[in-house]
Ligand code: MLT
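So this first bit is one chain, no partners, the form predicted on its own, shown in structure tokens.
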Amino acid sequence: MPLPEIDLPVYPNECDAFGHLNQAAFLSLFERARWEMLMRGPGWDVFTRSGAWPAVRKTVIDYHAAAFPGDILRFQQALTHHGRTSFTMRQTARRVRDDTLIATAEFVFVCVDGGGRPIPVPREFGDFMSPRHGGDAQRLTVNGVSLAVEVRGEGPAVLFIHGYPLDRSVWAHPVAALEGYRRIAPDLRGAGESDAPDLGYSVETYARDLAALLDALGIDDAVLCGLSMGGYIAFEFIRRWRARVRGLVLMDTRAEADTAEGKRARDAAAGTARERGAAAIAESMLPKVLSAATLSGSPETVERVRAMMAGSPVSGLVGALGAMRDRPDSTDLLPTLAGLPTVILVGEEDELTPPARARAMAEAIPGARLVVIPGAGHLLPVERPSATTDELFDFLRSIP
């Protein structure tokens, strides 16, 4: 359900000598719109019930047009950032009779307790401001983009990071089956139901989105499970937030950066996406990511993967290709992962990241375990979902 729009009238006593709504009154109207919105949702006391209070840290208002007595202004609210103890709201005010944009505002809040110390944002408020979006997905806004994310269960957190050109649905089987764990499966920016901006893609940006997502969900640490490009993002996450990673699953991925030839192939694929769309990317990728057995014997799986790829936003495809092309080499990172529980899963018929490469990666990570799953190509959780989930269960149970 979308957030309620709030209509408020402009009264004469709120205007200056020239009959314009004055700036001090406008600030008050923005605040009133926020409280009216909460009254229609979780209630005015959503913060005090949690022993928290939203203190304004920063305010930025842009005035676009004048408002006059008798005007009805329609206020819309959106959460543009949700951190552990802070959040940012963007509000707009439009005149109802002609839909003129009157003002936009951004407010940064920090939640504090009775002693003025930062305290986590109440979960009920975050849930209300990030309404559910179709099926089991909810939307959370981080770093200025709205991500669709499926969250199930309670227990130690497992963060599933999909690859290119895919979405969170590749994790359907483990997300449904891994009882006893809090399973978090987002669509990355540019994929699935998440926002797909034209700019702003890199493995660092993806990793920062995921760290902010964990913050928004109130999660300190998680097991990272990265498939293909998701593995590249997991490496970047570890580089920046190693203390937040309890375990690592690397699935059909590699540590090396792209070669010069690989970079040219990424650029060519980006050109294909721009000129011929996502369907052309799907046709070129299918024989590379699925095993021969899947291609010939499981038409429903082939069509499922085809539809997933063909539904990808072109801006997201181009962004992901650029992010992979420019990602850093993670080979030197591998020996530093000593002490981090790690398992590497690879399909026996994976041509993009073959078992030999996975074996070399396992040998470079102290204590890592390698599992080769027969009859699968590059998409283990789709081609061999039960076997993949069983291996994940075994690994998760082995983590202290």
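Start at 1 with the first residue shown and count on from there. As the structure is a prediction and not an experimental result, all values here were calculated from the model.
The following text describes the form predicted together with ligand MLT, which does not appear among the structures shown.
Participant: Counting only non-hydrogen atoms, which stretch in 96-104, 178-186, 204-212, 161-169 is within 4.5 Å of ligand MLT in the predicted complex?
Facilitator: The contacting stretch here is 161-169.
Participant: Answer for residue 232 alone: is it within 4.5 Å of ligand MLT in the predicted complex, judged on heavy atom distances?
Facilitator: Heavy-atom contact with ligand MLT at 4.5 Å: present for residue 232.
Participant: May I ask you to check whether residue 82 falls inside a 4.5 Å heavy atom distance of ligand MLT in the predicted complex?
Facilitator: The answer is no: residue 82 has no heavy atom within 4.5 Å of ligand MLT.
Participant: Considering non-hydrogen atoms and a 4.5 Å limit, does ligand MLT approach residue 38 in the predicted complex?
Facilitator: No - in the predicted complex, heavy atoms of residue 38 and ligand MLT never come within 4.5 Å of each other.
Participant: Contact with ligand MLT in the predicted complex for residue 266, defined as at least one heavy atom pair within 4.5 Å: yes or no?
Facilitator: Judged by the heavy-atom cut-off of 4.5 Å, residue 266 is in contact with ligand MLT in the predicted complex.
Participant: Counting any non-hydrogen atom inside 4.5 Å, which residue from 228, 312, 141, 294 sits next to ligand MLT in the predicted complex?
Facilitator: Selected residue: 228.
Participant: Please identify the residue among 352, 334, 370, 46 with any heavy atom within 4.5 Å of ligand MLT in the predicted complex.
Facilitator: Residue within 4.5 Å of the partner: 352.
Participant: What residues, if any, in 357-394 have a non-hydrogen atom within 4.5 angstroms of ligand MLT in the predicted complex?
Facilitator: Just 378.
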